[in-house]
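Quick setup: one chain, the form predicted alone, written in structure tokens, and binding and motion questions come after.
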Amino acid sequence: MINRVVLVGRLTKEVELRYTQSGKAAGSFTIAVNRQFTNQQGEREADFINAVIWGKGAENLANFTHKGSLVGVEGRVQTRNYENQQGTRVYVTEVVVDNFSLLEPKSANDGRQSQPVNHSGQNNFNTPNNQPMNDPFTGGRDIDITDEQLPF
């Protein structure tokens, strides 16, 4: 069986960072994901999906994002339930995030990050032997390439 989720969207508010009694970080947030189609009025609608992230990833997400940040998340769907103060059983469905990437450059993210990073804080542009490399498409520099060098 497969339970895998990949989402790209914007945070609807700051990540709510809490700590368990044992000191483990837990971050809760909602991500707004645009639908691929428009409604009858020609407007694009969005789904608002609740998510939770644990540990150092929660701290990094809270520290390097803000309301409106464009993020990609990977994880699984989980349903849990609890009994509220009125004695009613409440069911919660959310994405438990295993990994995330910041998808905006430094200028679009209030100067908090310079390029996409995963939750471990390493850049996402790696060589086959997993060594970081510079991304030639950041920084607005022209690339010196001829039509003959293009594979298409």
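Numbering starts at 1 and runs along the sequence shown. Keep in mind the model is a prediction, meaning the values are calculated, not measured.
The form predicted in complex with the DNA is left out here; the points below concern that form.
Asks: Pick from Ser28, Asn63, Asn34, Asn99: which has a non-hydrogen atom within 4.5 Å of the DNA in the predicted bound form?
Replies: Selected option: Asn34.
Asks: Give a yes or no for Lys67: in the predicted bound form, does one of its heavy atoms lie within 4.5 Å of a heavy atom belonging to the DNA?
Replies: Answer yes; at least one heavy atom of Lys67 falls within 4.5 Å of the DNA in the predicted bound form.
Asks: May I ask you to check whether Lys24 falls inside a 4.5 Å heavy atom distance of the DNA in the predicted bound form?
Replies: No, no contact at 4.5 Å.
Asks: Contact between Arg18 and the DNA in the predicted bound form at 4.5 Å, heavy atoms?
Replies: Heavy-atom contact with the DNA at 4.5 Å: absent for Arg18.
Asks: Could you run down 39-70 and flag each residue that has a heavy atom within 4.5 Å of the DNA in the predicted bound form?
Replies: Heavy-atom contacts to the DNA in the predicted bound form: Ala46, Phe48, Asn50, Lys67, Gly68.
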